[in-house]
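Presented as structure tokens, the chain that follows is alone, the form predicted on its own.
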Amino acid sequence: MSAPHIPILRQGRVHKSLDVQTVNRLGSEEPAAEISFACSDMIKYDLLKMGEARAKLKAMKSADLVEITKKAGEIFLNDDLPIGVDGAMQSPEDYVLSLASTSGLPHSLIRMNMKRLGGIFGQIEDIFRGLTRGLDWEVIDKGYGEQGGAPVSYSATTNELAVILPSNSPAVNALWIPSIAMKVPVLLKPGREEPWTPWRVIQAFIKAGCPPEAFSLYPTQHDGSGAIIRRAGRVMLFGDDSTVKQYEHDPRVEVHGTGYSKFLIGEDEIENWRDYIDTLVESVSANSGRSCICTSTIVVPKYGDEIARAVAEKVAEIKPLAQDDPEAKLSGFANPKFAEWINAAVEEGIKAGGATDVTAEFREGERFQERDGMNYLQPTIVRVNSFDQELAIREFLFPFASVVECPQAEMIDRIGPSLVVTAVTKDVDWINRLFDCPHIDRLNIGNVPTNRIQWNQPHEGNLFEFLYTRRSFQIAAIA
């Protein structure tokens, strides 16, 4: 199949731009896709008309949108769907190959993420109940009703949910999928190397019967992204700390930056540390360490050397393999310079003192590897002397974690903001302190990997509360 052209979608209408850019297959000069780029003026103009798209969804019953969402999940997983502008179709296997060719992800991880995404569609009712604490869908249809025996009214905060997507993992698209059943259209800016997943999800929704007007897709440059962030009613923004920090106090913007997720073992369970090594390995290395819910710091009261060594020995088994190898668990980097920068940052942290790369004893060759025209970073476990070492709380886009010893009584004060914390303990007083900590977004108690989440419990923001606001109301009889 020749390289498809990914067009702009303007409320479901295909638009081929004069500004066309080519994304090559990794490690070659062969084009994987041509992509139409939208200018900021087009985006500003279209944002003024998003009320029309919202009206299309408002006119439908939530129950129908729920069934469409469920059907779309099956279509996403199993059907051939339109790709490009020339009538070509993309099979599920074509999707896997296309995404692998530009992202560096191995086929096995793409299929895992694909299955995970497919499950999100099917869980839409459970997700809605969790996000709304049991609200009836009819309240969205009418705008008012009852919840827990009390009258409630909700109104939308926006005509659209704009999402600035990354290229690192297709599963992030799960976060916007429920907005369609909530009657809020989406405006998506895809990552440069990953237009495939948002495009396929959109096509699955449309084939399932959703109004095409509910979907806008704008591949664009920095000026276009800026226009979206500044002008959209609600924005879901993915990026590194330097990107998202300037918007962290803007109520219109839900930032998804670095997670700094952590795994803690309490003093009452530390003697059983060997029982938790497999959980630690999964927490660090799942999805090639590309998720903000992957563990980046392991905190223990003692046995830091032993735990670092045990985890390092296991993660060192994860090696660069061919993308189509079913055992491949490590992703290459779409941007080779990024891999070089990360590797240099790790090396600088080690050279600064107080940190040791424990994985060096077990892995084959250097951390930085080249294979099949792509750059890889082999998993790395670093033993640090204290939280003062610069690698103690760092997060990188590959399986990386530091191991630091700290008295249990000081852990909560030292770990800092954490998207996910797993705490292995039965100490009720400490558990209560963890629940009371305002810097932990999601808390797991017990032997639970940080990367395992339940979608009916938000781990970073509540989509319903982001898109809807509750208001007081009274209805009086009129004579």
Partner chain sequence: MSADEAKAKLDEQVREIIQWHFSEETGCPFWLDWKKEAGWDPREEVKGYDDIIKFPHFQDEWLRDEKNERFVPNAYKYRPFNVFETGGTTGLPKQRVGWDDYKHDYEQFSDTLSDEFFPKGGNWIMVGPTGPRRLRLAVEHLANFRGGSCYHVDLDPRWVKRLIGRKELDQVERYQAHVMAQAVEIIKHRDISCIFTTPKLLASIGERISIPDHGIKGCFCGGTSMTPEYVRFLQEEVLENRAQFVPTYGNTLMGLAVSIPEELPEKNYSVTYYAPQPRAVLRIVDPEKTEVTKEYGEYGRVELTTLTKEFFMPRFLERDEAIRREPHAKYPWDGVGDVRPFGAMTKTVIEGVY
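Every value quoted in this text rests on a predicted model; they were computed, and no experiment measured them. Positions refer to the first chain, counted from 1.
The same protein also exists as the form predicted together with the partner chain; that form is not shown, yet it is the one meant from here on.
Considering the partner chain in the model of the complex, which of R230, K302, R371, R394 comes within 4.5 Å of it through any heavy atom?
Comparing distances to the partner chain in the model of the complex, the residue within 4.5 Å is R230.
Pick from K44, K426, H439, K61: which residue has any heavy atom within 4.5 angstroms of the partner chain in the model of the complex?
Spelling it out, the residue with a heavy atom inside the cut-off is K44.
Tell me which of 442-450, 32-40, 50-58, 427-435 has residues with heavy atoms within 4.5 angstroms of the partner chain in the model of the complex?
So the stretch in question is 32-40.
I'd like to check something about N462: if you look in the model of the complex, is any of its heavy atoms closer than or equal to 4.5 Å to a heavy atom of the partner chain?
Contact with the partner chain, no.
Looking at the partner-bound form in the model of the complex, is R470 within 4.5 Å of the partner chain by any heavy atom?
Flag for R470 set to no.
When the contact criterion is heavy atoms within 4.5 Å, does S17 count as touching the partner chain in the model of the complex?
Contact check for S17: yes, within 4.5 Å of the partner chain in the model of the complex.
For the stretch 339-358, which residues lie within 4.5 Å of the partner chain in the model of the complex by non-hydrogen atom distance?
Read in sequence order, no residue approaches the partner chain (within 4.5 Å, in the model of the complex).
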